[in-house]
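First comes one chain, alone, set out as structure tokens in the form predicted alone.
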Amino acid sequence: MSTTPESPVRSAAHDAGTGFGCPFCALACDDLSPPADNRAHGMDCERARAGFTLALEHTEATPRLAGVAATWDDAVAAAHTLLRNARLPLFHGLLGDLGDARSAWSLAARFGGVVDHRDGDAMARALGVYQDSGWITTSLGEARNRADLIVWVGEPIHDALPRLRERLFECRQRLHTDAAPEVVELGARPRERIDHVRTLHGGRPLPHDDPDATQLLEQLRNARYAVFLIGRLADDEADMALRTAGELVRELNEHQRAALLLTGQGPGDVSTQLCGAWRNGFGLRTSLARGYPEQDIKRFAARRLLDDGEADLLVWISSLDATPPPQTRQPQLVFGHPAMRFDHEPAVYLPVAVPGVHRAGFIHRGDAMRLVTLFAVTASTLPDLAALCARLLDDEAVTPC
């Protein structure tokens, strides 16, 4: 079973002078130079370099059944049997591009499953705040071109988004100012500071002096366009920190401009969310077990479904990351990166092509404002998830083991 790149898109994109898309973090940068001679060592971004190098070194892989090499026909048939017999399959991981997201939602609809991303906890927190009270957000491009004050809420995320500082804080080409924005970092536990700023902004006294909050309020009042960049937040205060920041932004907008900037958690999260919303009216943590979509961001959390035994099959989808699925007592069906290795082999492992390396595709940037084109850069006979999905959805095309 094989697929081939749609066209020699790497050379075509390079000849046209267009940017080259990278799918390996939520920034989805589209200004890279393509790997030369199937080598990514010259790429400036460490995350891009690691992602391309791993995929370029693993262009082929063999399906396995419980760790034993199998033919594609036998492996697909075994996957079909697992899906058909599952009471409630959980489609999880979802570290892929838009095509992978479409396939996951199609499989969930056909076999009556729940869809939740690997970073579903952080995504659900943001979704809960948005559903409860709404918010005012901006894009990476708007923040880059207009923001004169960036308040970094939470821990730095340079390891997850290596080029964020370069592209947002230190960029030299800005449409509305030549000056770099002032950056204020609040650290890992920002909720109290933001709450104090809200109190002072409302003209109310604090229970004790907080010079840092007083200074931040003065900076916010002097800013033409303040942006609250949401980084990693401690679990025990993440929800309240995000809610408090959203309320402060809303209050500031009564007299000036301010916005939240959410950059996404990792590859594939925004594509999964938007694809689900287009298809069903809902995004992650949606069940299709009853034949219609039901969303519940607490009930359909992946970890809870696995721990409580409500899900009886884990379907792990990860074409962009070679990290294996978490240990579970449920059987596992893995559509994975060809470099993926396991401490405990899943019931079925089907290696798939890496989007942006082995095949063309599309992925959404973390702020959900742009769909970035991905080009194939090397030949591979690995199928993409869409090809496997088409076989799994066609009962007559699947030969029983």
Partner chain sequence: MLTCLRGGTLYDPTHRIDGEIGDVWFRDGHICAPPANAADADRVIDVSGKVVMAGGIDIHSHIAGGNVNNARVLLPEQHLAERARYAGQPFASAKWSAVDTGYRYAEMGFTTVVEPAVLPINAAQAHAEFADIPIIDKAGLAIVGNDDFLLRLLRDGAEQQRVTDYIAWLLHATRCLGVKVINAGGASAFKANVRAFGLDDEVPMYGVSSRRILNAVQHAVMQMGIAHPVHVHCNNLGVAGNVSTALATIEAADGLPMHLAHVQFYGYGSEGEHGFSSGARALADAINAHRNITVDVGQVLFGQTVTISGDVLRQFDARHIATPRKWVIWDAEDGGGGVVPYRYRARNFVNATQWAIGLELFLLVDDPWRVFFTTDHPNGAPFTAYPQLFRLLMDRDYRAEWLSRINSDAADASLLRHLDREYGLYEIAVMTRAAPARLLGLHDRGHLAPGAVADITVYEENADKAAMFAHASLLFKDGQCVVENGRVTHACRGRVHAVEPDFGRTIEKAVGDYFDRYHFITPSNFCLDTGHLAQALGTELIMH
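Residue numbers count along the first chain shown, from 1. Just so we're clear, the structure is a prediction, and the values are computed from it rather than from any experiment.
Another form exists, predicted in complex with the partner chain; not displayed. Remarks below refer to it.
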TODO: Answer with one of Thr323, Thr214, Asn145, Thr199: the residue that has a non-hydrogen atom within 4.5 Å of the partner chain in the predicted bound form.
DONE: Asn145
Open item on the list: Under a 4.5 angstroms heavy atom criterion, identify the one residue in Ala50, Ala339, Ala66, Ala368 near the partner chain in the predicted bound form.
Closed with: Ala368
Task: is_contact(Thr71, the partner chain) in the predicted bound form, heavy atom dist at most 4.5 Å - done: no
Task: Non-hydrogen atom contact Leu262 with the partner chain in the predicted bound form at 4.5 angstroms - done: no
Open item on the list: Is Arg102 part of the interface with the partner chain in the predicted bound form - any heavy atom within 4.5 Å?
Closed with: yes
Open item on the list: So, Glu170 and the partner chain: in the predicted bound form, are they within 4.5 Å at any heavy atom pair?
Closed with: no
Task: Interface stretch in the predicted bound form with the partner chain - options 236-244, 199-207, 152-160, 282-290, non-hydrogen atom within 4.5 Å - done: 282-290
- [ ] Would you confirm whether the three residues Gly21, Ala109 and Leu127 all fall within 4.5 Å of the partner chain in the predicted bound form, going by non-hydrogen atoms?
- [x] yes
- [ ] Within 4.5 Å of the partner chain in the predicted bound form, which residues of 340-375 have a heavy atom? Give them in sequence order, or say none.
- [x] Ala360, Gly361, Phe362, His364, Arg365, Ala368, Met369, Arg370, Leu371, Val372, Thr373, Leu374, Phe375
